[in-house]
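Subsequent text provides structure tokens for two forms of one protein chain, presented individually as structure 1 and structure 2.
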Structure 1
Amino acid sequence: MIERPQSITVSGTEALDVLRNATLSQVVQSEIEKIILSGAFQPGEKLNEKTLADRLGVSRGPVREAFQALHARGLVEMIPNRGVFVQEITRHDAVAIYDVRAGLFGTACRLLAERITTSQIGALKSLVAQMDVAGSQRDLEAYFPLNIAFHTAIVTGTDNSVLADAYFSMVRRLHLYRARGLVHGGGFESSNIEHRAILDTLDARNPHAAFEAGYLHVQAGKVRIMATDDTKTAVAS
């Protein structure tokens, strides 16, 4: 691996520095992805090349390159001579993505169970305890980031970036599924009960049980989301 020289930044040369480590099309890709995932564009909505290019202050070339990457990431659909559209996720698609996410998360749990350190166990225990508190107080604002941190710690804890990338890719794509709501009272308790079950299998360093606990946790989250369908109630997965 060749080291690229780091430019000396005195102050505020960020934009310049960014372009030293990334090409413009990569920056554009990241920007468009942010816009899509923010919900500013609805699934199925068309992304106009020139409009986006003007908005980002670049020409159409980098935008077209970014589209290719976003297509490969499953975030946009491309139709020749027609244009690029924000990917639509049907209920069937969402189920499929959830199943893959469950398999990947279960696999992460399994792999982690084989190599988890006491320090990692401690960190997860802390997160579960904090979620218990947030849950008992019905404080979703606190619960949500803890929940994400718990899942992230497990997925990244395996030291398998391929697995982590694939997992986060599924999470990202699920953000495009419209029929997901925000909060549902019942999700808290059962969700953290499952977290504790996962933690127990990791603590026991039982790979087989760890997969099962992780897989079922995501599947339970899927059921909680899917049960609400298009109602505006949802769940902590």
Structure 2
Amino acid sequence: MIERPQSITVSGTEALDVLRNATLSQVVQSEIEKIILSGAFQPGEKLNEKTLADRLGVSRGPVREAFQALHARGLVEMIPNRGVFVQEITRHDAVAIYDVRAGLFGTACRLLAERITTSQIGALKSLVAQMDVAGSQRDLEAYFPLNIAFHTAIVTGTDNSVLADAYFSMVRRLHLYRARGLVHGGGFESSNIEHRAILDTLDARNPHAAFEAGYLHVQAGKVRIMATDDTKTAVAS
């Protein structure tokens, strides 16, 4: 028989404190994740709990909790008796992550093709058109968020939270392997040609073709990333 835990009665003030602490932990986790993904720390660099706590104006408790969550997300490595370090993603790791991500994104395209609405098609067309402009100007700062928005719209459009969680976990880890794949070898143009191919299959409501287009797009992104040794800026293709 499963024993039920004893009920706990708390005052209104205590309940608010619990809610505040939970929210604070989430905020701290989000902020540290942003700091890591911004490239402020090098892969393998040790993270100082007190320094981050002081920087964020919080106690060390929420930072410690954030480290645990970020470890589960694969963004930091926790080594007993040594500390917490920014996760290092090797070239081999990046290839493996891209291969898994290709399958996830292909699946997202397939699922979306089965349910996509006219308004969703319109939003994706707008993003592709804006990427055409940014790409023609070779404006990475403009192109990058549009590129992210395009992929995000497809994945979240499936309304499949399990797939989305797995996919965005892959994306976060790839941010640790920083590369400017889009700006080499006609990357802007090639990437947006692939975006249009995906869009065409979605507009046609063709699940099988959508899977193939999405899968091949991520695989092509992997080739662009691996073709350069520049590791300063992450690009999710």
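What we label the rigid core is the largest C-alpha set whose atoms superpose within 1.5 Å from one form to the other. Numbering for residues begins at 1 and runs along the sequence of structure 1. Bear in mind that the values here come from a model prediction, so they are computed numbers and not experimental data.
Asker: Please match the form predicted on its own to structure 1 or structure 2.
Answerer: Between the two, the form predicted on its own is shown as structure 2, not structure 1.
Asker: Once everything's superposed on the core, is residue 61 shifted 2 Å or more at the Cα between the two structures?
Answerer: Yes; residue 61 is a residue whose C-alpha shifts (by 2 Å or more) between the two structures when the cores are overlaid.
Asker: Taking the rigid core as the frame, does residue 52 move its C-alpha by 2 Å or more between the two structures?
Answerer: Yes, its C-alpha moves 2 Å or more.
Asker: Quick one: how many Å does the C-alpha of residue 143 shift between the two structures once the rigid core is superposed?
Answerer: Residue 143 is displaced by 2.4 Å at its C-alpha.
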